[in-house]
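Only one chain is given next, in structure tokens, and it is the form predicted on its own.
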């Protein structure tokens, strides 16, 4: 029985607006869904734009106390400088619903998707990118009253890859099929391209600009989240591991220094050999996205984050497994939490655990991988909680939080 989580620990689940809301018509990703070969459309997604209360109630009724969700920039600012008051009010209603149900909202301002006009202006490498993101954040600050945790940007290291991959496909007239960077289906396949450092540096700049603005205007703790690869070095490959860690993670972890917290997002681990990242071999235990079954990755990720950031507060903002077998989800999560507990016992300042994901949802171009604690009927949108949801709620209750 786990009893070592600190008082006030957040227990909950995470979602992203584009993956669950549906009909995000003004975003860059929505526009790309019709153009990229091999990419399925998000369409109505899980219709959570209209069903958010039902989704939050499932979390609260299970005994969980936190919900991470996002605000969609493309809805707030569908054309440059035009702020939708109705959409601001919609997201404020979501925040108030969380409060009403006893859930601590963890609000993300940017989760991979941007307004289409922003992408057409040059996106994150455009001359006005930092200014544009800052204006959006400024427009959102009035609805953040009472929100304790704000994430400026989700996984900038993965965002840098997605931008680079989309650019490459357009440059090649879309040769080959789109492969979401969150999937590793074609195992063994070459490792993902490393994040573009130029994009990464711009994202750090944008994060700092928005962080400072949010601190001035709200009382929230402000940070961002980083996708942790949880690299493990083969004998003799330690230097190669350090080199890859900087490109993949540490640029972004160092960018979080001075923040109020950093979000750790971890799913699996990868071996690094003298020649670089080793592709995952095919194995019966691999997940639905082709990654290795490595619940120990969360402990590796948290410890690495502590080391790079100098021990700043951590929220586990995503951790989960793509599987159709919910007993396996429970087994994976239970073991991951034991590794998290061990890292806390060794001094990691961890403030919460948010599972990915609350719902089976749109996995950036693909519908097949299921990460959710709740199944969603894509015809009727009926929510069917899986045993893992009740299990996670019971785990939270046992800790006394």
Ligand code: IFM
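Residue numbers count along the first chain shown, from 1. In this text, all values refer to a predicted model and were calculated from it rather than measured experimentally.
Only in words, not in the display: the form predicted together with the named molecule, which the text now covers.
Only one listed stretch (45-53, 355-363, 23-31, 336-344) carries heavy atoms within 4.5 Å of the named molecule in the model of the complex, and that stretch is 355-363. Looking at the named molecule in the model of the complex, residues 111, 155 and 267 each place a heavy atom within 4.5 Å of it. Not displayed here, the named molecule is approached by residue 371 to within 4.5 Å at the level of heavy atoms in the model of the complex. When contacts are judged by a 4.5 Å heavy atom cut-off, residue 388 does not count as touching the named molecule in the model of the complex. Residue contact with the named molecule in the model of the complex: residue 72 places no heavy atom within 4.5 Å of it.
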